[in-house]
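Next up: just one chain, as C-alpha cells, the form predicted on its own.
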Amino acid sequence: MPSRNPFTEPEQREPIEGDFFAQEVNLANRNHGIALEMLRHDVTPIGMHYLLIHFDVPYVTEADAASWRLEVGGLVERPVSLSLEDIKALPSKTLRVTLECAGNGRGRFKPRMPSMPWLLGAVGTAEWTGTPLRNVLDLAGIKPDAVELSCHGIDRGFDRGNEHEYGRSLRPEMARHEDVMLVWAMNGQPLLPQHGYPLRMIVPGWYGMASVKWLNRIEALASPYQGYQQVGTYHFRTQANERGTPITTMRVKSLMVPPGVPDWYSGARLVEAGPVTIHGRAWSGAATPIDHVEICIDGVWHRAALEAPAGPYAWRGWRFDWEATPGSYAMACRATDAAGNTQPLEAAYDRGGFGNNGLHRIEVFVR
C-alpha cells in the first residue's frame, strides 16, 4: 500500500541511481517490448508489437463498438458525430509504419527517471488500415483561426496528481497530412483491446505518444492545447523546471537480432565458429530513408548490406556476414539516415529518459 495518498499528495519523481523500484517492475509487467529475435519479421506479429498503456485498458465490447462515436467539434463549420461505419465508408488505405516509444531506452540512462524502464524493445512495425484524418476534418470544416487539434482517448487516470484523459494535439497542417490516419485494423485484423480497439490514430514518423488510442473526440482549438500529456511530459529536458523541446519525430536508430543462443539470465550469446549472419533493422523519423548501417566487432566497424526499402515509414532490414573464430567479442550497430544523422556512441542525457538512440551492444562468445 502507498504510504501517502498519491491523488492528493502527488509524487514529484526525481532521477535516481540504483535498483529498479517495485513500481517500475509493475509497469514493466503491464507493458512489454518486442523480443529482439522478432526483428527477423518485416511486419511484427501483433502479439509481439510493443505496448505502452498509461492507464487502464478501456473495456469496450462489440456492442460498445457498434455505438461508438467520434465527435469533432470546436472551431469547425459543422460539428460532426461519426460512427465507425461512417468512418469506414470513407476512402481507406494501408500503411506499413514503424512505431517507437519516446521513452525507449529510459532504463539505460544514468541517472534514470522512475517510469516505464524501457531498455531496447519499445518498437514494432505493423500494417495499419484506416482513413486519412483529413477526410474527417473536411467533413467538419476546420475554421482558419484553429491553431491546434486536440485528440482524446477514453483512457483516464492520474500522473503526478494530474487527473486527465489521454490526449495529444497536432497543428492543422500536420493533422491534414495524407498519411496521418484514423485506423481500425492492424495487420489485417481488428484492433486488439490493448492497441486501441475500436479506433485509434497513427502519426507516421513520430514517436508513439502521438498515436492516440481509443479515440473518441477531436477539438479544433483557438489556442495551443494544454493537456498534461502535451505540455507536462514528452519534452526533451536536461534540467528540472526547464521548458524543454517538444518531442515529435523519431531519431535514427538500429537494433540487431542477437545471434546464436542465449544465456537465460545474463542475455550473453553463444555462437559456433564459422559463418554467422547478423541481421537487424534500422529506422528514422519523418519518412527519412536509411542511408547505411555499420556493425562494430571488437572496435572495428564494417558496412552492412541493406535490404530493399519497405516503405517511407517502415524500418529497413540489414545484414552482415561474419566469419566467427573462437573467443569473446563486443558487438554494436549504428545507422545513418539520408539527412546525415548518425546514432551516437552514447545518447545525450535526457532527464525524462526520452529519445535514447545510443548504440545497441551485445556480448558474443564463439566456441
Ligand SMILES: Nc1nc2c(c(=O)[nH]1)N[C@H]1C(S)=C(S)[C@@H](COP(=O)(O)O)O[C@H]1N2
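Keep in mind that this is a model prediction, so the values were computed, not measured. The numbering used is simple: start at 1 and walk along the sequence shown.
Quick note: we don't show the form predicted together with the ligand, though the next part is all about it.
Peer 1: Verify the contact flag for residue 133: yes if a non-hydrogen atom of it lies within 4.5 Å of a non-hydrogen atom of the ligand in the predicted bound form, no if not.
Peer 2: No, residue 133 is distant from the partner.
Peer 1: Can you tell me whether residue 334 touches the ligand? I mean in the predicted bound form, with a 4.5 angstroms heavy atom cut-off.
Peer 2: Residue 334: no contact with the ligand in the predicted bound form.
Peer 1: Is residue 288 close enough to the ligand in the predicted bound form to count, meaning some heavy atom within 4.5 Å?
Peer 2: The answer is no: residue 288 has no heavy atom within 4.5 Å of the ligand.
Peer 1: Taking the shortest heavy atom distance, is residue 194 within 4.5 Å of the ligand in the predicted bound form?
Peer 2: Yes, residue 194 sits close enough to the ligand in the predicted bound form that at least one of its heavy atoms falls within 4.5 Å.
Peer 1: Just one stretch in 133-141, 152-160, 174-182, 274-282 has heavy atoms within 4.5 Å of the ligand in the predicted bound form, so which one is it?
Peer 2: Flagged stretch: 152-160.
Peer 1: Which pick from 27, 52, 36, 304 sits with a heavy atom within 4.5 Å of the ligand in the predicted bound form?
Peer 2: Of 27, 52, 36, 304, the residue with a heavy atom within 4.5 Å of the ligand in the predicted bound form is 52.
Peer 1: Sort through 209, 252, 97, 220 and report the residue having a heavy atom within 4.5 Å of the ligand in the predicted bound form.
Peer 2: Filtering the options by heavy-atom distance leaves 209.
Peer 1: Candidate spot 293, 322 and 360, all three in 4.5 Å heavy atom range of the ligand in the predicted bound form?
Peer 2: The answer is no: none of the three residues contacts the partner (heavy atom, 4.5 Å cut-off).
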